[in-house]
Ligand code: HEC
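A single chain comes next, written as structure tokens; it is the form predicted on its own.
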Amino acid sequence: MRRGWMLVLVALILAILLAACGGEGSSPDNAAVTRGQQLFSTGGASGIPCTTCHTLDGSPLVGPSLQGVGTRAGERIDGLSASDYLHESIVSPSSYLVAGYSDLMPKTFGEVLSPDEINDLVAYLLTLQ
């Protein structure tokens, strides 16, 4: 009887560990990241590449550099995940302005990009550590 309980306990622990390794907190889908990176460079249907205003090397441009944004985004607004912050910053860029930068980001990305494209872009931005 005791051995049966031990097996159940081991199985339960393994199930918990496997669940912790996957799902919501797992690493992003590589295909989504690749699509997001392409969208970052081309702008997709918007015709405005993110690289027009944002750098990835730490140097400022029209908008703030996105170097390390995958880490910083989760620290910008209390109670808002990095993913939610980035999503909101794309679809409603006036919501959270970075100090020292004007409200110049186009307001149309939420209309011209599909929800999947926005999610892909967010997946890519989250990789920028």
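Heads up: residue numbers just count along the shown sequence, starting at 1. Keep in mind that what you see is a predicted model, and the values were worked out from it rather than measured.
Just so you know, the form predicted together with heme C exists too; it's not on screen, but the next bit is about it.
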| property | result |
| --- | --- |
| Non-hydrogen atom contact Ser89 with heme C in the predicted bound form at 4.5 angstroms | yes |
| is_contact(Arg35, heme C) in the predicted bound form, heavy atom dist at most 4.5 Å | no |
| Heme C contact in the predicted bound form: Ala31, any heavy atom under 4.5 Å | no |
| Contact of Pro49 with heme C in the predicted bound form (heavy atom, 4.5 Å) | yes |
| Answer option from Leu56, Leu80, Cys53, Ala45, heavy atom within 4.5 Å of heme C in the predicted bound form | Cys53 |
| Residues in 96 to 129 close to heme C in the predicted bound form, defined by a heavy atom within 4.5 Å, in order | Tyr96, Leu97, Val98, Tyr101, Ser102, Leu104, Met105, Pro106, Phe109, Leu121, Leu125 |
